[in-house]
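Before any questions on how it binds or moves, here is one chain, the form predicted alone, in structure tokens.
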Amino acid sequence: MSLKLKRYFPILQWLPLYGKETLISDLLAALIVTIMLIPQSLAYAMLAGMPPEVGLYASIAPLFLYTIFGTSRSLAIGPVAVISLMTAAAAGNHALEGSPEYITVVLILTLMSGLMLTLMGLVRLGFLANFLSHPVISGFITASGLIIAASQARHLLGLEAEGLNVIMVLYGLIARIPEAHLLTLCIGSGTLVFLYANRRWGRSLLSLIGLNPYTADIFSKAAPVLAVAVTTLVTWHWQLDQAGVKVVGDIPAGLPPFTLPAFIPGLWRDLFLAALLISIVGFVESVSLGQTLAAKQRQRIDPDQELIALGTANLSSAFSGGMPVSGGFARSIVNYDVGAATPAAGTFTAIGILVAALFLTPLIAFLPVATLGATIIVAVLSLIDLPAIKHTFVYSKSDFAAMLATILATLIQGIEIGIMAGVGLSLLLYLYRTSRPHYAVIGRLPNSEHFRNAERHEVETDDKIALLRIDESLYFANSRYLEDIVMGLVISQPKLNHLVLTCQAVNLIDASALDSLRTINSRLKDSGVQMHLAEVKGPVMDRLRKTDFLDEMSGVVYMSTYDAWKVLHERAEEAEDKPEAELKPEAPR
């Protein structure tokens, strides 16, 4: 079987080795993840503004497809909080939540996301995710967690709240607190307290009553199911829906329907940016999580193949009445903890969700919406990473600026503006930093072949020789800055005869930088100073040899900084007025 076929169909790598022990591990993981996914899928469908059953539909076909195309053994695919929020924000700009037009928009978003991800994977564009820096992603997810929590507060209070941003929503809720529905508030706040207490102390308390740590962890993870069961039973028994408690209502039982997203060119054009952002954010989060779990298992995942896997999963969701899906953090961690051995655990989970869609939907008709709201709020608490904000501020003010801009723009202006602001500011800060690269005049550490910054260490220097280390590749944005640095150095050292640019950190010299080097060489000649290069990397030297710059250069290319220092320093000591012998440029090893 060809390696190329196995690359595009990773199932062919592990399925022939599938055995009884692996099957048991995958079945156990699937059972626990299914229990978690049922309430989560209902809740995230509601968060996306979709009927609850859509969450179940989005947890069936995508999992089958990921089993075939995915490379992570622990990643659990399905609806997730941040992607659901982004979906609601995008669809809400084009249709009224709950309307048939709204469902049409979500299906189109799902299809577009699937097409984009699959195409990006086929042409190996996984590197594009690198443009989302970790501070930007962290800030975006933190802001999204706050938005999600604020949006669900209305369900706990039994109120409706509208607003253009999270501040207006919270203001509207606070103003209407006296109108809160008491029974709904009791159910929602009670569920919230129970789930939060379970998250903080559940495992410890279960261990104290005699359960082993593994069993205690399993029961703790199943707490949302217990909350759903109890509140549903209470609402049904006392008919609280007739007293004003909002419930999920009848959910159609059956297989996911076949849906064909509409092709409306204008709408597709308007949704392009939103679909692209949903795709990239979902991919970055999935791959980051997948790589973390793979490293713990001494395995690896293929980011480009993950694009294809997520793309096909979203395509299948679009054609089966679902919504955009991605890798879920909590479910994936559970999948890993309970020993999922292969992506087949996802298939078994899908079968469990399919059984729920066929037979269990009548049991959740009396499920209070407030319970789902509390479930979402507790689930997104882990997204709000306040310590990361503090650590980023202490470590890097520029990264903190990008993170803060992302948080504020997301909270005030919305999802799309927030992430675009973060990415844009990150790129601008990168250009600014690299346009003014760090440089150092270096000298020799006594009795060694090592050179360090003359301002930080006691080193040997020579007023006739300047060793200038540029700690950045040379390109159009910093080429003029290099000219200024060099000429300032020449002016500050009147006795200077030789300038050596040490290039150990230079991985690229583009055409603009090459022109600047020509200019520097010409100006140094006019000043009676020879320009030399040292430690030029092979690929950079290969490109320089294709030009006539080395012939024009007044000095020599040295293999190492020590070679340059030794030759030039010895000559300076021998005779100040002796003409320097003409030397041919050397090639680096």
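Computed from a predicted structure; not experimentally measured. All residue numbers refer to positions in the sequence shown, first residue = 1.
Note that the form predicted in complex with a further copy of the same chain isn't included here; everything after this is about it.
Although the partner is absent from this view, residue 287 contacts a further copy of the same chain in the predicted bound form, with a non-hydrogen atom inside 4.5 angstroms. The closest heavy atom approach of residue 495 to a further copy of the same chain in the predicted bound form falls outside 4.5 Å.
When a further copy of the same chain is considered in the predicted bound form, residue 476 lines it closely, a heavy atom lying within 4.5 Å.
Remark: residue 553 does not count among the residues lining a further copy of the same chain in the predicted bound form, judged by a heavy atom distance of 4.5 Å or less. Listed residues 455, 449, 270, 101 were compared with a further copy of the same chain in the predicted bound form; 449 is the one with a heavy atom within 4.5 Å. With the partner omitted from this view, the residue of 510, 250, 460, 160 that lies near a further copy of the same chain in the predicted bound form is 510 [heavy atom within 4.5 Å].
Look at 376-384, 108-116, 147-155, 427-435: in the predicted bound form, residues with non-hydrogen atoms within 4.5 angstroms of a further copy of the same chain sit in 427-435.
Annotation for 254-273: no interface residues with a further copy of the same chain in the predicted bound form [heavy atom within 4.5 Å].
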